[in-house]
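Below, in structure tokens: the form predicted on its own, a single chain.
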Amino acid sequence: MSPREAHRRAQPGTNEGPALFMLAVIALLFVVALLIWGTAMLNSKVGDLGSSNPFVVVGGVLSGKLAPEPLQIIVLVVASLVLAVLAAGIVVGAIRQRGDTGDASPVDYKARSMAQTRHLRGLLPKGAAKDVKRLKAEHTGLGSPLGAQVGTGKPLRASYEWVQIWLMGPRAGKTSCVCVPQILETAGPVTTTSNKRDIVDLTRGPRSMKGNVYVHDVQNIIGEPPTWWWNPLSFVVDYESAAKLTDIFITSSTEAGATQDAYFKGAAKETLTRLFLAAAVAGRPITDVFEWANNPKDEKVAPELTPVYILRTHGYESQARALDRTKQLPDKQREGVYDNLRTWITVLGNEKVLPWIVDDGTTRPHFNPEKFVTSTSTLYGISKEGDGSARAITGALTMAVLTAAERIGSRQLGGRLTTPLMAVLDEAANVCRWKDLPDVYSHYGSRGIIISSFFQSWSQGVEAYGENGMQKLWSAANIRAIGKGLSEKEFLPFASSLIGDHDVVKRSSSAQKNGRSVTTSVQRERIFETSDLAALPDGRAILMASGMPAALIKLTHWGEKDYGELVMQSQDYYEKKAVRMSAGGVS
């Protein structure tokens, strides 16, 4: 048992140690004698010894009978240096294999029982270069950075057709070691979500060198002014797309699996979908939906501005009749329907949100998802859970971008985006509650849409997408990674079983008349027990890639990258700018 596992007792020793030491000493003496004999044979006077027998020659050198010559000395020194270098290389290699490097972690020795270099070839630089060439995406980068192989330190990268899921607790290095590198090490478009400013501050500067930067701070979390806007209704082109927008608003305001009256929820969903459709086809602002929801009888509303009239005049007769029947329900029943949908669209009545989703008549540009996914720009969606949450708007914008990417990619060479879109969904459960995300995950990679979703725990994902949805996300992902800070009793045993077992040499001792007896056997044991995963240290993560054994990886901080200085400058500039603005200064 490894001495690093301090919570376990050491196994009984054996009497092999002294014998192995003696063998090593004998081998060393043999090599030294061989060097002396070999170089002595270059001496012009070796024949004076009367024999080339190694014992005679070595004895002659050591006794001084055979005086060394310059050539002999030079060859001996050179050969000794070569052997010393080889020995040092073997020692260094052994140390790296054991994980005993300067930044070694207490769990690094476990890497010997996990994926080795031969298993990870597709993720290593040479394999990654071959993969992007196959995808004709060399101009975008070498793939999505994951970390470094423990032992060799070689960087690992995921293919531009592999989607990812990361489970990492708070302060596990998620932002600094995974999100920032994945955002910066791609030359294509990037969309990312978060509930705080760190990702924006760290990457905004470097990304602005590649294209436009759009910060969607709809809840004023980081103090970004609305210099542009996006109308969620621009996503709606038919009843089906209106239903998807409705789903975003529902899932953003309710927990997965929450119990609701089936009739009222179903009727409310259909009604809100029809209201979204009516506003979209008439070119009305999305705030009209909020007004219609709070005035179901259309009191004091011009007939041509009612949703039933709009649907009818735009060719949606069946939807108009259905909406009209809902309006004609008995007061109590109708209010039950509208009470449900009003809770989903509360955000549309928030005056602070409106500048981001409504045209104010100025020259502010309207965000175009189709143009974005064919650019090299960056979109940051910032929102959070809780009272006043606007995550429905952020989720709708993310859905619109990913849907546009899918549509455009299907028309390009190979049915995928020529320049892949990187979607780094930090705090996915809190910011991007798109019900269909688990369903589209499985094929987005083949479309050139590379998603990395980040969760602080398994249960956080279940809360957002339901147990089945989270299982779909996990199963569909080509890269599954877990970091430190996880402690769920249901998930950790599952993860431990996926990492697998290894053979462990076990020894048992017993006292006998003639002394102690040690018996050796081989047993199967979990590489990472549940307690090991719960205590995973800083800077390490478990990587489970499709078709490969689980690997232990080192998370690489952005400060260790060649763009570290740019990131530091970006962080310094935007943090100071935020302080000035919060103090009432000029931006």
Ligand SMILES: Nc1ncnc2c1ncn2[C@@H]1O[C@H](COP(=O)(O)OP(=O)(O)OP(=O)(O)O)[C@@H](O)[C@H]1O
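Start at 1 with the first residue shown and count on from there. Computed from a predicted structure; not experimentally measured.
Keep in mind that the form predicted in complex with the named molecule is missing from the display, and what follows is about it.
Residue-level contacts in the predicted complex: of 172, 280, 107, 464, one residue has a heavy atom within 4.5 Å of the named molecule, and it is 172. 198 is the sole member of 406, 488, 198, 185 with a non-hydrogen atom within 4.5 Å of the named molecule in the predicted complex. Taking non-hydrogen atoms only, residue 177 approaches the named molecule to within 4.5 angstroms in the predicted complex. Taking the partner from the other structure, the named molecule in the predicted complex has a heavy atom within 4.5 Å of a heavy atom of residue 427.
Among heavy atoms of residue 539, some come within 4.5 Å of the named molecule in the predicted complex.
Taking the partner from elsewhere, residue 557 is found to have a heavy atom lying within 4.5 Å of the named molecule in the predicted complex. The stretch from 164-172, 286-294, 80-88, 127-135 that comes within 4.5 Å of the named molecule in the predicted complex, counting heavy atoms only, is 164-172.
Counting a residue when any of its non-hydrogen atoms is within 4.5 Å of the named molecule in the predicted complex, the one hit in 455-479 is 456.
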